[in-house]
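Encoded as structure tokens, the following chain is the form predicted on its own, with no partner shown.
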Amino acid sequence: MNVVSYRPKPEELAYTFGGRPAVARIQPGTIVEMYTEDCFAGRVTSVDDLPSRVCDFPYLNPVTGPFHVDGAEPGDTLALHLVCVEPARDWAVSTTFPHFGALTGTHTTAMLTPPLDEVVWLYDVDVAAGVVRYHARRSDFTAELPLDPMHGTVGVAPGASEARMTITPDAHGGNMDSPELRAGVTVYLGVNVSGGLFAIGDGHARQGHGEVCGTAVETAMNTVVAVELIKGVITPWPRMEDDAHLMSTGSARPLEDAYRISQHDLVTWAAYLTGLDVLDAYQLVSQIGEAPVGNVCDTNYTMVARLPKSVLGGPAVYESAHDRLRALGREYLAQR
């Protein structure tokens, strides 16, 4: 088993997809062990560390990578299977920001009301108990929430020599902030440049759908990814697969366009996999599909369209890459 480990130094963190050289070259079939920082690059450590004071804007939302996958060329697809997503700290943070989030005026939605306060919440991350502990800032209220580690940001380099800020989700992936990006999921990303150049970051101990306040329960992660290359298969928007579902994403503004992109991709994907007429697939997805929200705060919004694989009759998806990578991940875990 080919295993590559990489822990970036603070100065080696990336803040764009594209525009950076690879930190390592890997072969398809490699297991990558990586450390990822939180969206504040580890600088917010207490309720007194306001991001506006301790962070260097616009250097937020760092990712680990990019990794060059040998043989990957435009028109191919990278399959990234999240084997493990484990909190690297016993604490996490979340915040509210002035002019950022779903329930406040922003620079594009100008309001005469005062901006929200900048407030930091500190969470306890208890991996053994499987919970994160919320502590209200303005009362003694506390609550235990289920631990559900995931990555907010996964992507590849965009095409046309673009460099996109990591906070922006689009067809290359990026800051989709979907709680579906947890261990056990395979992410499919269309390759736009030689090597693909994938990177991962923005670990969340958990997150509600929509990331309504603009931040999740943000923490560093120790993450293990199994990588495969599917030659000659185009993926127009990031897709995901777990043991039970196929998922398509869409990122755009307004939110209904992100919804349309994700639903269009799922309908046409289902039609391709089954041989159904597009309208027949449209009808099927309309009655059994689900639409978990990714984020409603970033420069683009993200929607996910999800369909049970069982209703499609079990067609092979991406040459059964999910099954192979899941088996590789289990082999890795058995040897760890």
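Note that residue numbering begins at 1 and tracks the sequence as displayed. Just so it is clear, the model here is predicted, and its values are computed rather than measured.
The same protein also has a form predicted in complex with a further copy of the same chain, omitted here; what follows describes it.
- a further copy of the same chain in the predicted complex is approached by E211, whose closest heavy atom lies within 4.5 angstroms of it.
- A residue is said to contact a partner when one of its heavy atoms sits within 4.5 Å of a partner heavy atom; Y188 fails this definition for a further copy of the same chain in the predicted complex, lying far away.
- In the predicted complex, none of the heavy atoms of W91 sits within 4.5 Å of a heavy atom of a further copy of the same chain.
- Residue contact check for G71: none of its heavy atoms lie within 4.5 Å of a further copy of the same chain in the predicted complex.
- Here the chain stands alone, but in the predicted complex its contact with a further copy of the same chain, taken as any heavy atom within 4.5 Å, falls in 279 to 287 among 45 to 53, 62 to 70, 279 to 287, 32 to 40.
- Note on the partner interface in the predicted complex: the residue among A183, L255, A220, V131 having a heavy atom within 4.5 angstroms of a further copy of the same chain is L255.
- Proximity to a further copy of the same chain in the predicted complex, taken as a non-hydrogen atom within 4.5 angstroms, holds for one residue of I261, L229, M150, V193, which is I261.
- Residues are counted as partner-facing when one of their heavy atoms sits within 4.5 Å of a further copy of the same chain in the predicted complex; in 95 to 114 these are T95, T96, G101, A102, L103, T104, G105, H107, T108, T109, A110, M111, L112, T113, P114, in sequence order.
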